[in-house]
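Included below are structure tokens for two forms of one protein chain, each presented in isolation as structure 1 and structure 2.
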Structure 1
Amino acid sequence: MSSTSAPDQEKNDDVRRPGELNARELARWGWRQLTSMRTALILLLLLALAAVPGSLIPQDGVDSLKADQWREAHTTLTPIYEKLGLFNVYSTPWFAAIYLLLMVSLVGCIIPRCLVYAKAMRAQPPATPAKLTRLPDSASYVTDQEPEEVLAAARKALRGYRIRKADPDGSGDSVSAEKGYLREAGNLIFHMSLIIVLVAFATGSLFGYKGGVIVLVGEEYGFANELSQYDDFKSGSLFAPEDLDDFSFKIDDFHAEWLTSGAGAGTARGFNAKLRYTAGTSDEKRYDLRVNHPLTIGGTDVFLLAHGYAPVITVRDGEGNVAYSGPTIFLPQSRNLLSFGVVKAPYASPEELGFQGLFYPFEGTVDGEPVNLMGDIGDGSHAMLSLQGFRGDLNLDAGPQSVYSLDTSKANMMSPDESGKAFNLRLGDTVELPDGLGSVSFDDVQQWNRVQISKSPGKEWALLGVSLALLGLLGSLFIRSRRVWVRARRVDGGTLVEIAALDRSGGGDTAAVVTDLVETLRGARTQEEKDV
């Protein structure tokens, strides 16, 4: 259109410079391109392609530890990847560009179709085409019935179709029928629901948050929903700390069932944390927090994710003072809760003391090697703590350190005696450290739960959106939309009946529809003949 209209316009209105016109035309052309089906298709495939890297490269938002490890291992690629945002694919501008374009395209495509649809809903089926037998799926036969009879029978046979009212000019030699109007409605609902889903999802990721915290089981411990209490915390860019719902809880007791036989022996199931919580100013309530059964407080969900042991360890230094004491969280390394943990006593004197090692909830010996048989601590008689000891500088001045790792680069290892490297303690044991540096004791075992707390506003809307989308999809895929025409005309030797059908949905078997209709119309006649 640009080649013809541009010169025309110039003639009519030479005040306007051609450049302006072209820009407008370009915009219109661009809009039409963007809202075309082909563009939608290409954008869809592009979206699929763009989602790939995020599943192969560790993502900060999914597993930041993995992402950091990856960064350390690939020093040349990392700066390039950082620039491209490959550690945060799903929040990069280029990823957003694709889905926003898709959404614009969707709106641009759907709104005009809604308008067309609104008209079509009220319109009559189209007039019967002149040459029915030219259509791909058509049939014709000659009968000695009257045309009116045939058409009446056709109207009857086409029950469920919308039938065009006879033309006012009286050329009523045909029936034009259409059905499946709801198919397009389904299609429109489906596409509009996608927008609901996207908006709801975006709301969740912008205003939502997700944090984790390890809480010790027992009266004297607990959690209050404040930023400082979280071990890790991730939030959307529009989240504000005031959005944290006001609540607190304690875990009174934790229970797990241990499997003692079968292939799963030594592992646990049926986790149950007895929670006591208060929300805002309301009274204290109780809840059994289990896996797959989160607690919902206001808009916030509290989940039980993991559990483990916290051996109570006391370290005394060379002067007999308590340099460290308390339940120490050990992190499980396997499903039977063989766990790893660290103790740091930087104020011990004369030397800083540090320990790292494994906690065996139920230790046994296989071929002379100690192994952990199961995660159930039972009465504690098989629990063992196997710690490696270090003395000297724990390098705590160098900057923040994880409580779960020990920097041994400047420290020296200490051994209990010449033969062994680790201090092995059973519950209740105390072991002296060499050179009069003090002692370490294993006093008790407590349990901890790892709890995840999250809020994703708009999740109900997202669910509503996908559910509507599914409904619309079912309509758009399974409602058959087709037009059927029957024309009956008097010719030499009888009535010529022509039948044709057009499938508007793709995948429909219109040939069968035509055959069926022919059979019905002729069969109806045979029936009548018999009756006569």
Structure 2
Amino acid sequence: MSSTSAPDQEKNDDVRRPGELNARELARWGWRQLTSMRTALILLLLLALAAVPGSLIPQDGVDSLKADQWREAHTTLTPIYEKLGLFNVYSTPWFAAIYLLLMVSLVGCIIPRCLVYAKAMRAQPPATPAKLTRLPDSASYVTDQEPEEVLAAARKALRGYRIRKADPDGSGDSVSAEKGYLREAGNLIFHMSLIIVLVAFATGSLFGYKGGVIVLVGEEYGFANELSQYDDFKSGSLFAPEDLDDFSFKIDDFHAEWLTSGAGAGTARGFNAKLRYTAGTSDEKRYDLRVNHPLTIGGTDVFLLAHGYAPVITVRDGEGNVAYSGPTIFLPQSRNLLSFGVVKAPYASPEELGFQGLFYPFEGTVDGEPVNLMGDIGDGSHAMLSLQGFRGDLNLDAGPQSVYSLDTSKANMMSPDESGKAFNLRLGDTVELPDGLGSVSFDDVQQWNRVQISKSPGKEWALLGVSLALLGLLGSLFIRSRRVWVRARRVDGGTLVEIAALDRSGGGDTAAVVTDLVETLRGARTQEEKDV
């Protein structure tokens, strides 16, 4: 029976299989992999790919109305997209994970490179190789000049290069020069600018906010920058209501330029909302709000996103009381502003009343069916409101409902006759509801503007980062890093001059550098002879 002593056991424990790493070595290996430039580039590519859904799929934080419309139009994909967080891409854990890993990778990659670069900036150019003629781009010639004269002329010709200092004993027989140090600085600036951009966007995501609101044109009260005024609002985790800038505005008028011919006939190409706004306690000011021309108040930007129509509808119940009255937001369903809207009159008597249907700004007839010809309402003579009516329980007790949807699961449809057709109203019309339930009137049309209000701290830093990235990229592309050596020593018959150049960045024409330097040094001798 054999036994193993304690020292032998410890020795066997120290023997590891090839490639086996302990915890410390594994952590060091993982850190090296994470902070490698290859990993940083892969993470940057993943971040770009992860942002693609955010530009293709409507985002709740950008335009909740479009996001809701997309959900209604894609009922099969919506549950999948909800689980993946594709309606809030930039707030998902997987996007944040890529973001943070990229940040750590860039920082871990750049700091060591900066230390190496700082050391290289203090170091002298390398000593002259022993065999210059073995380098790919080199030349040599014999002259009757003294070696000291050749080396002095070489130092003069290599102005702009960093030249290696002479050996302390003064025995040097060559000149070693190097330039292009800013090429690596360009690379570092480019990568540091990415960190600046990432930090700037992170600052905006944490402290900023973005909200949307529909404001009626000509509305007396307008909009005040308070949380209760927003239709939808999304903010960063470190945002506080006190961060809202104090301002309010009203939209006095809105004008759209309409295309009247060509493939886009009936659609708008230019928008101008005339605002009156007040910031804090300052005097009231005016501003023409246009697409891509936001109004900036303090650190908050006000953008014009969309426009549409709000028919003024009055619903009277069977007792003659006004059960509903006012402008009703109808949401565009097409580029020519054919719009969908809902009217709810839950307090009508004897039964609750509800309507949903389409608004035609400029209605026409094709094959007996109504169509919308263009978005310009003109004088309103061609505007038509087509409403499908419902009576009975609107199921409002079931929970919160969108103002843009009507639950008809417990209600009964009603129409002007037994055909089930909708109530079609021209501007100024009033139609009676069946069974003495009341009436509905189409009184007027107002316009509305959808406005986005956002605050993005750090956007100036993001602009700085992008500018630095462009500057660093240009430097890394166009600055050539090269070394040049000139050796001069006495031989039989004169002074042997050897010249060589090496391009460290690849692709540089160092042969031309050598040729120019040979011509310069020989030309200096010729000029000296002429002066004598």
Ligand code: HEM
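Here the structure is a predicted model, which is why all the values come from computation and not from measurement. Think of the rigid core as the biggest set of C-alphas that the two forms share within 1.5 Å after superposition. Along the sequence of structure 1, residues get numbers from 1 upward.
Of the two forms shown, the one predicted on its own is structure 2, not structure 1. With the core superposed, Q333 shows a C-alpha displacement below 2 Å between structure 1 and structure 2. Once the rigid core is used as the reference frame, the Cα position of L244 differs between structure 1 and structure 2 by less than 2 Å. With a cut-off of 2 Å and the rigid core superposed, V366 has a Cα displacement that falls short of the cut-off between structure 1 and structure 2. Core superposition places the Cα of A153 7.6 Å apart between structure 1 and structure 2.
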